[in-house]
Ligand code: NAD
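Below, in structure tokens: the form predicted on its own, a single chain.
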Amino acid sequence: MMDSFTFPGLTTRVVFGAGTMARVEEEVRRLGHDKVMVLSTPHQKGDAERLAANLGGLAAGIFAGAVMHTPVETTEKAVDAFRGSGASAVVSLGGGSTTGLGKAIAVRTGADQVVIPTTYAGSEMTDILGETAAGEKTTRRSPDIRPETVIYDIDLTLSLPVSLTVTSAMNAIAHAMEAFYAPDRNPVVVLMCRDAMVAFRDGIPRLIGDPQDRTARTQALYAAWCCSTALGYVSMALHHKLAHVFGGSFDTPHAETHAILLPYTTAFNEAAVPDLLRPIAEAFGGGSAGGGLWDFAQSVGSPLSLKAIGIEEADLDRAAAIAVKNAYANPRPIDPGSIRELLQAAWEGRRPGD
């Protein structure tokens, strides 16, 4: 029980269920718009085209150029296309790359956003925008960034490949992990994070056996919503800083980077706040939160080392230097030596505590 807390309330409208993408037009018009631009990655262009066709005259165009880490040069092209289309809102269909692009357009133009996530990555419920320019990723928060409506459609996750299911879930778990010790946490978010740990723990192994298990997909998507809400309503710390370092400066894949770092950043802060991270140890076992997450990651086939995603050992010194360049709140003090040790363990893929 917390002695005191502030709960800001949840401001984003959520539509959750199966077949809910059929309600896009209803939700767009509810926001007062009659022209929208549909956003996607190049890989999901076909899905965006089908959505635009279903929207009929409501769709003013498609921009299918979203890419990882939201580079500013891509955003500038998308903003030009948005302004030229006559749209007043965006519909972002996809994972974190597409959601990020929608946010970047919104904060520059005032556009409303309807987001339709197709992974568990979790940026859709947040007021956070990470953008990459000149080889570094910067992050900012603003009410103008937070989407107005999020439509979770279980049907859209049925075809999510197993590998992406796993790394996307680990990415989401990272949001909940940091929420457990956030200085601005509150009982509502903590309860959501506890729920999410159990739902992912039970749901992901079932999805490996049967990727179209609707009950397990519902569990996983519910857990993703819980974790995304945590990311959007409390502060993040070391884990997210390191993920942004590797994504922005080394162009590593977003979900895989989060998945790999998670057991190590958890173990690092667990040394300072074991009681706050106990819900993770209780959910995943392993004797500790960091060890339990490593064991779970190994059991579901998640990548375990930075080496596996192309990071060279020689890169670790530079990464550690970038990570400590600016001060930020974290439960355990941060210094170059301890961060370098964390990164060495993550590069090698050693189980925390072994």
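Fair warning: this is a prediction, and the values are worked out from it, not measured in the lab. Heads up: residue numbers just count along the shown sequence, starting at 1.
Unshown form predicted in complex with this ligand; subsequent notes refer to it.
Taking the partner from the other structure, this ligand in the model of the complex has no heavy atom within 4.5 Å of any heavy atom of Ala87. Put simply, Gly122 is close to this ligand in the model of the complex: some heavy atom of it is within 4.5 Å. Heavy atoms of Thr266 never reach within 4.5 Å of this ligand in the model of the complex, leaving it off the interface.
This ligand in the model of the complex comes within 4.5 Å of no heavy atom belonging to Gln212. The contact with this ligand in the model of the complex, taken as any heavy atom within 4.5 Å, belongs to Leu129 out of Ala106, Ile151, Leu129, Ala78. A heavy atom within 4.5 Å of this ligand in the model of the complex is found for one listed residue only; from Gly135, Pro187, Gly110, Pro161, this is Pro161. With the partner omitted here, the stretch from 179-187, 279-287, 195-203, 97-105 that lies within 4.5 Å of this ligand by heavy atoms in the model of the complex is 97-105.
Candidate site formed by Ile173, Leu238 and Gln344: none of these residues places a non-hydrogen atom within 4.5 angstroms of this ligand in the model of the complex.
With contact defined as any non-hydrogen atom lying within 4.5 angstroms of this ligand in the model of the complex, the contacting residues in 41-66 are Thr41, His43, Gln44, given in sequence order.
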